[in-house]
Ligand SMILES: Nc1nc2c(c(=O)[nH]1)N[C@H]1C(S)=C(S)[C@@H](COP(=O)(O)O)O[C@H]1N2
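Starting off, we have a lone chain in the form predicted alone, written out as structure tokens.
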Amino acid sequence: MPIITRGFRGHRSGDDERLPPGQYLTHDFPVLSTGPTPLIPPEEWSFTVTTETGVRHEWSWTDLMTLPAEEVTVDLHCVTRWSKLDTAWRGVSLDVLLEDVETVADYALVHSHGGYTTNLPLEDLLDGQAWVAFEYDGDALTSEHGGPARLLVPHLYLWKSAKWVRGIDLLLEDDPGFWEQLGYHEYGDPWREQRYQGD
């Protein structure tokens, strides 16, 4: 009788190795929102970073379009357990936007049109880890997926990549956002299955 370790499911290979625990692969791009989809014309869009001392840095849509943009291909992982691989985006790195912002903050609270917020450590927005994205798969980002611009933080669960982003407050202390106040994990690492408080 062969000896098999309980729970062994064999070796993962190919795309399976890119799926965090508990996730399944989808080729669709599901749309999940907490409320109505805001419709913001690009000419009315702006993005503001407010430091812990109240200093504001603001970019209009025209300003954003003049900044150096990057094309990035990343995997997305939703807390509802779907993952979508090799998604193609274009956007401005938060490194560019925060380059001239003087701060000693450790945390960020992201604000969206419609009232949504989410929190994360400031370091998770830096070093090529996050973008204000305005194109998906070669086209302008649609409203249903957060257009005209959304935050993209692909190494965390997708609720941290706030749709319809309009600004970030830099904070000295962490301040829970919308889902975090309702019991979702403060950080949201897909590889550690940090879906809910206590995970």
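These numbers come from a predicted model, not from an experiment. Note that residue numbering follows the sequence shown and begins at 1.
The following text describes the form predicted together with this ligand, which does not appear among the structures shown.
For a residue to qualify, one of its non-hydrogen atoms must sit within 4.5 Å of this ligand in the predicted bound form; none of 107, 131 and 191 qualifies. When contacts are judged by a 4.5 Å heavy atom cut-off, residue 101 does not count as touching this ligand in the predicted bound form. Taking non-hydrogen atoms only, residue 33 approaches this ligand to within 4.5 angstroms in the predicted bound form.
This ligand is not drawn, but in the predicted bound form it has no heavy atom within 4.5 Å of residue 96. In the predicted bound form, residue 162 approaches this ligand with a heavy atom inside 4.5 Å.
Screening 145-153, 44-52, 167-175, 62-70 for residues having heavy atoms within 4.5 Å of this ligand in the predicted bound form returns a single hit, 145-153.
Contacts to this ligand in the predicted bound form (heavy atom within 4.5 Å) from stretch 63-90: 78, 82.
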